[in-house]
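Take a look at this single chain, the form predicted alone, given in structure tokens.
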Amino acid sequence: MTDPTGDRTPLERAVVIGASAGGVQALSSILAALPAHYPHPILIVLHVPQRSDSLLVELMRPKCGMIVKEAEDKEMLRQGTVYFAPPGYHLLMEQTMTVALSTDEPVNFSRPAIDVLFETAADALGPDVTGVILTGANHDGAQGLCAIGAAGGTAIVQDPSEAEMPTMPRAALEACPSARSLRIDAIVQALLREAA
């Protein structure tokens, strides 16, 4: 997968992460453990109230070696960067390694919806995407993770016994039997191995 930005290192993969209730702590633990030079862009949907400005970027930046920002429409993805979906917008991945924002109807009562990001990532990258479902109190992301697994990508789910809210991890494991159930420290190690 060539990087249309002209960066020296071509983008070969992307990581997509979905989280809901309890997700800030889980994401903090994962992102803080990844190095500044992590070679894959990371795209994240975390359910937040649509009516409020997101403080996620400000919250995560001091903890992360990687660049942390809100995704912008038609933005080219870059390595070493974490992209959060803005409140009230679906985040989609395109085959050109760019992202798109959409105000289409909510999916699973959510906008942004994890399923939208995961399904478009599966379509765009096939086996070259890793999907991670973390803690949450609904079923968003289950079908999207299933799409990633069906496309040959890597499917990972936070161990429900560790998750603050196990509903979303359990739903993802039921929908995607090929997914690996891992604790947060093992998720970090899996992401680091993919970067080696």
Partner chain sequence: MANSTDDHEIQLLLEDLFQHYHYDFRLYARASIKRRLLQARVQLGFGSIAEIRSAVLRDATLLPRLLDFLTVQVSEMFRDPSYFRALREQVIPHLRTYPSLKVWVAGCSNGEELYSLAILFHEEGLARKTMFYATDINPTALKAAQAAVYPLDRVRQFTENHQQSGARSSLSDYYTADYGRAVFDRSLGSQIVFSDHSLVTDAAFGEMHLISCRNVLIYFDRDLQDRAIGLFRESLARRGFLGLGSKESLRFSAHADAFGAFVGKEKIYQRIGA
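Residue numbers count along the first chain shown, from 1. This structure is a prediction, so every number in the text was calculated from the model and none was measured.
The same protein also has a form predicted together with its partner chain, omitted here; what follows describes it.
*Asks:* Is its partner chain in the model of the complex near all of Glu12, Ser28 and Pro62, within 4.5 Å of a heavy atom of each?
*Replies:* Judged in the model of the complex, none of Glu12, Ser28 and Pro62 sits within 4.5 Å of its partner chain.
*Asks:* Which one of these stretches, 32-40, 64-72, 160-168, 132-140, sits within 4.5 Å of its partner chain in the model of the complex when only heavy atoms are counted?
*Replies:* Stretch 64-72 is the one.
*Asks:* Taking heavy atoms and a 4.5 Å cut-off, does Ser102 contact its partner chain in the model of the complex?
*Replies:* Yes, Ser102 lies within 4.5 Å of its partner chain in the model of the complex.
*Asks:* Against its partner chain in the model of the complex, would Gly80 count as a contact residue? Criterion: heavy atoms within 4.5 Å.
*Replies:* Gly80 lies outside the contact set for its partner chain.
*Asks:* Contact with its partner chain in the model of the complex for Ile156, defined as at least one heavy atom pair within 4.5 Å: yes or no?
*Replies:* Ile156: no, not in contact with its partner chain in the model of the complex.
*Asks:* Answer yes if any heavy atom of Ala151 is within 4.5 Å of a heavy atom of its partner chain in the model of the complex; otherwise answer no.
*Replies:* Close contact exists here: in the model of the complex, Ala151 approaches its partner chain to within 4.5 Å, heavy atoms only.
*Asks:* At 4.5 Å, heavy atom to heavy atom, what parts of 76-99 sit next to its partner chain in the model of the complex? List them in sequence order, or say none.
*Replies:* Result: Pro86, Tyr89, Leu92, Met93, Glu94, Gln95.
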